[in-house]
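Below you'll find only one chain, the form predicted alone, shown as structure tokens.
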């Protein structure tokens, strides 16, 4: 039989000790009671009572060990869940960067639209200074229609940009809350591990 490593000893000790309720001490007491029971010279009634007491202690240890295994499995599932959350956060951050880049492009487009509108307004003023002619009226009507279209496009771009800003703000808030939750869980787990280490060291 190969030598038992320190990790295996620690793992078995943690499994025996359960959630830090002193199950390792229970087993030590159980072993001592068993040895004492084997060498006991008392009455059968006393031996039976001691035997029942040892069975009760053993059942408590087995229950604690089972509970510890359940907690261990739950922690594994939680770790898998946290990894999925991290993956989702990274994907959301990447998506947010893409949306920010798209918003910047829309802002540049809106600036160009505004500049064009100013140029069209200046041109319309120049045209209005000329004598009234049929062709001039047609050009003015076309410019006015184009200005309305550009104004509508600008409003749509501004509305979409405002929506993207709100969505990005909500995303950042969600990411911060998730990160805070993960930090609190990690801190709680570290505190539990420290308490377990202190109790095992007693």
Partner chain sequence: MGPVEHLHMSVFSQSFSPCGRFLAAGNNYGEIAVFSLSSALSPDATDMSRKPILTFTAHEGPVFSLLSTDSHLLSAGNGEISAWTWAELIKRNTKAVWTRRPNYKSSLEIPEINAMTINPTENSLVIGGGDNNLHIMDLESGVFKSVLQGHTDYIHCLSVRERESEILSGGEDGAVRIWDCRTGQSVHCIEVYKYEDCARPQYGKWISCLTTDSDWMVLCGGGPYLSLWHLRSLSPTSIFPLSGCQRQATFYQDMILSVGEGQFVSHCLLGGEVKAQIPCTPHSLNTLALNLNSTENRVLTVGGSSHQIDVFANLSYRSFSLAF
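Numbering follows the first chain given and starts at 1. Small disclaimer: the values here were computed from a predicted structure and weren't measured.
What comes next is about the form predicted in complex with its partner chain, which does not appear here.
**Student:** Going by a heavy atom distance of 4.5 Å, is residue 119 a contact of its partner chain in the model of the complex?
**Tutor:** It does: once its partner chain is placed as it appears in the model of the complex, residue 119 has a heavy atom within 4.5 Å of it.
**Student:** Hey, in the model of the complex, does residue 99 get a heavy atom within 4.5 angstroms of its partner chain?
**Tutor:** No, residue 99 is distant from the partner.
**Student:** Would you check, heavy atoms only and a 4.5 Å threshold, whether residue 75 touches its partner chain in the model of the complex?
**Tutor:** No, residue 75 stays farther than 4.5 Å from its partner chain in the model of the complex.
**Student:** Is there a heavy atom of residue 95 no more than 4.5 Å from a heavy atom of its partner chain in the model of the complex?
**Tutor:** No, no contact at 4.5 Å.
**Student:** Which residue, 79, 123, 85, 71, has a heavy atom that falls within 4.5 Å of its partner chain in the model of the complex?
**Tutor:** Exactly one listed residue reaches within 4.5 Å, namely 123.
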